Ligand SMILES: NC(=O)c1ccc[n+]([C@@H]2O[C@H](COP(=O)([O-])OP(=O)(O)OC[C@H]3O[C@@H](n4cnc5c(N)ncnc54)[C@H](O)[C@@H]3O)[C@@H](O)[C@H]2O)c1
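Here's a solo chain for you in structure tokens, the form predicted on its own.
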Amino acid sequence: MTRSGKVRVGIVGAGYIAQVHSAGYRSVVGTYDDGPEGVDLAVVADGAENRAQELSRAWGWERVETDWRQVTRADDVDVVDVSVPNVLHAEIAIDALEHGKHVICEKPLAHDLESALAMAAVAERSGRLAQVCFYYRLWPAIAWARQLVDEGAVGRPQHFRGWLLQDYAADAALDLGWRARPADAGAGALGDLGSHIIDIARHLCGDISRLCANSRTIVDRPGDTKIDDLISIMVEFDSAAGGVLEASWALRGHKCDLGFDLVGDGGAIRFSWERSNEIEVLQGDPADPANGFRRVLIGGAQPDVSRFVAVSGQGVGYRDAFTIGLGHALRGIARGDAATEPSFADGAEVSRVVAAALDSAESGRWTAVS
């Protein structure tokens, strides 16, 4: 495919994740030769002007604003990147879509299910690309796991065990800011980290039909803030497969411990982000006592890897994940594919599961994911 014009990006929010997105935008054109011919970093908006100025100086954003409407309604912006607290996602993304912009939005899609469903509905009506940043699913090892499942290489999924555990919030003195306020975040570790593993579970095994959740606050923080630090969820998929999902931001010793075991009736797949450039695959005769997992180093056989490295085992990294995710979005825009995943529809489905998990944790009962 030949390159298609330049894409002009405006970003709302200038915090840490905006730096990672900025690096991704700077890398897309040289990495994806079937995307746009150029990416212009047109404008950054943040209520803290000094922070926006710092992002602009660091990554070359052309101008700075303090009102996000100067991004969503700007004539020189094609894509609006929403990188702000969860409670602000819906208003900004919907305004951008209604003004003809494509939208890339950080996860989770919104702070509550009603907002997420509204965002997905407006995105569908708009005909514009609307992507949520569940970029772990696009990571080469996990994208390849999806290919193996689709090809029947491990048979029909029977059980999925997935987790995303970190310990950055184990320190009671740490100010979590808006993430510790239910009105702004919607959920604690469940929304912040659990949304990722829910998306991976759906991506590999299909929709979740019902669940039973247990959540806990394991760190006493200043004030009366009570938000989930640790959640465990038993799930059943529409396919009749079962599973267990875990998420925490306060389990000591866990740094970026994302992983899963997917067991099918013809084999299994095992992955750990802490060894993100490899994946384990089990196939063969279950009666063979020597049968076991084989380690596969990530290389040219897995999606997107050859764009970054030439040899299996050389390795790609965390920021490359954003180049991949943003690259998929900008390629989708270049070829007119508004359905590029992970879409707002995917984000809304994850929000359904989060809402059901919150209900289940409160009631102590199995809850249907409607």
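From 1 onward, residues are counted along the sequence shown. Predicted model, so just to flag it, every value in this text is computed and none were measured.
Omitted from view is the form predicted in complex with the named molecule, to which the following refers.
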> Does at least one non-hydrogen atom of residue 14 fall within 4.5 angstroms of the named molecule in the predicted complex?
Replying inline: yes
> Do residue 182 and the named molecule share at least one heavy atom pair within 4.5 Å in the predicted complex?
Replying inline: no
>> Residue-level question: is residue 88 within 4.5 Å of the named molecule in the predicted complex, judged on heavy atoms?
In response: yes
> Any of the heavy atoms of residue 303 lying within 4.5 Å of the named molecule in the predicted complex?
Replying inline: no
> Since the chain is shown here on its own, which stretch among 103-111, 152-160, 231-239, 277-285 would lie within 4.5 Å of the named molecule in the predicted complex, judged by heavy atoms?
Replying inline: 103-111
>> Contact check in the predicted complex: 46, 83 and 196 versus the named molecule, with a cutoff of 4.5 Å between any heavy atoms. Do all three pass?
In response: yes
> Tell me, which of 307, 51, 26, 331 has a heavy atom within 4.5 angstroms of the named molecule in the predicted complex?
Replying inline: 51
